[in-house]
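Just the one chain here, laid out as structure tokens, in the form predicted on its own.
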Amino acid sequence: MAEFDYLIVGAGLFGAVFAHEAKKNNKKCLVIDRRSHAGGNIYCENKDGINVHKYGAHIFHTNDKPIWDYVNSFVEFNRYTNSPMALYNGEMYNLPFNMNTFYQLWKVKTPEEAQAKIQEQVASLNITNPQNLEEQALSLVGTDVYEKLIKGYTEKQWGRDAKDLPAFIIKRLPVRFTFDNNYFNDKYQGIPVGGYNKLTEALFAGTEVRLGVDYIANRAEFDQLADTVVFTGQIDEYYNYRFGQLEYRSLRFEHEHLNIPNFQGNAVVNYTERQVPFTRIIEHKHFEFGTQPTTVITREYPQEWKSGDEPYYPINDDKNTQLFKQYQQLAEAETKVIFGGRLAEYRYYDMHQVIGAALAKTKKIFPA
């Protein structure tokens, strides 16, 4: 008899939801993680009473009321609304692209004027069949919005010239002809009061969590502990890169504690010039309307991913998609291993999507 029903590899959000639902169904779980903390990428580090999003800004948003009710059953969420700013060549612009942005660009005051300006710029370019990201973006929003607010930021994100990136990366761009700076269209939005650790701690309550342990390095030992493995790590690593390595983009975070109460007046400011090496600065206290006497900011630097780096964004081009399908076929043949989460499924998930995927998986395993 194994000691546990489930060994959950990875203490991120997928693993946390799975552990909670399994415990509700009287299953015994062991959760392990390489990192020294639970919570995965939503982990917060407390600095002078400020919850610092250690792995970049995480803003919860969803239109799914059952998922919103689910997370609120563990922790209260505040009323934070994501309204980022963009800084280009010393000038500030509102995001997403809306009437405030268009007034800042062209001093237009009506939707009709703004639409006419964009249509005039798009028409002058004569792009009928966009061949790359640059042409795709220009065909959607024209020259000014692209040059000032998209080009440099996107090139930093991907580490490539926009002309060398495929058009499908930008299928559409959010353009609003209203004076509305709310970045998300979702009905529900906020940050957990007291930070994301409150959410993951509640989900892991009553479940054993062991940190700083490497499943891959000790697989035979850990597999003996449980009847079933729930694997949330990199699927290619699980299979010892049998078909080759999947590719990612990574990030480097530079945190700075400042002895001032307010650095930039907003939680998120994007730096859209290519020459500025970071893509944005996060000021964490503004996620929770903080009044602390000091502040913590984080500069976010995109970078090429290599083994040993944290994989943040899958590169879902044709080559990697085909490679993932090979690993997926192996995964589907497993009878004692469940794969879930952004790394195991090689897809970018927002938080509500991770939770939804974990709940869907557990509902199949533990039908009511």
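In this text, the rigid core denotes the largest set of C-alpha atoms whose superposition between the two forms falls within 1.5 Å. Keep in mind that what you see is a predicted model, and the values were worked out from it rather than measured. Residue numbers run from 1 along the displayed sequence.
Separately, the form predicted in complex with a small molecule exists; it is not shown, and the next lines address it.
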| query | finding |
| --- | --- |
| Contact assignment for the small molecule in the model of the complex, among V229, V75, I281, L95, heavy atom within 4.5 Å | L95 |
| Position in contact with the small molecule when the complex is considered in the model of the complex, options V193, I216, I169, V213, heavy atoms within 4.5 Å | I169 |
| Contact flag, I127 vs the small molecule in the model of the complex, heavy atom cut 4.5 Å | no |
| Exercise: L173 in contact with the small molecule in the model of the complex, heavy atom 4.5 Å | yes |
| Partner contact for Y80 in the model of the complex: the small molecule, 4.5 angstroms, heavy atom | no |
| Non-hydrogen atom contact Y153 with the small molecule in the model of the complex at 4.5 angstroms | yes |
| Among 196 to 204, 264 to 272, 116 to 124, 287 to 295, the region lying within 4.5 Å of the small molecule in the model of the complex by heavy atom distance | 264 to 272 |
| Whether V9, A22 and Y43 all lie within 4.5 angstroms of the small molecule in the model of the complex by heavy atom | no |
| I150 C-alpha relocation of at least 2 Å between the shown form and the other one, rigid core basis | no |
| Core-aligned CA displacement of D227 at least 2 Å between the shown form and the other one | no |
| Core fit, then I281 C-alpha moves 2 Å or more between the shown form and the other one | no |
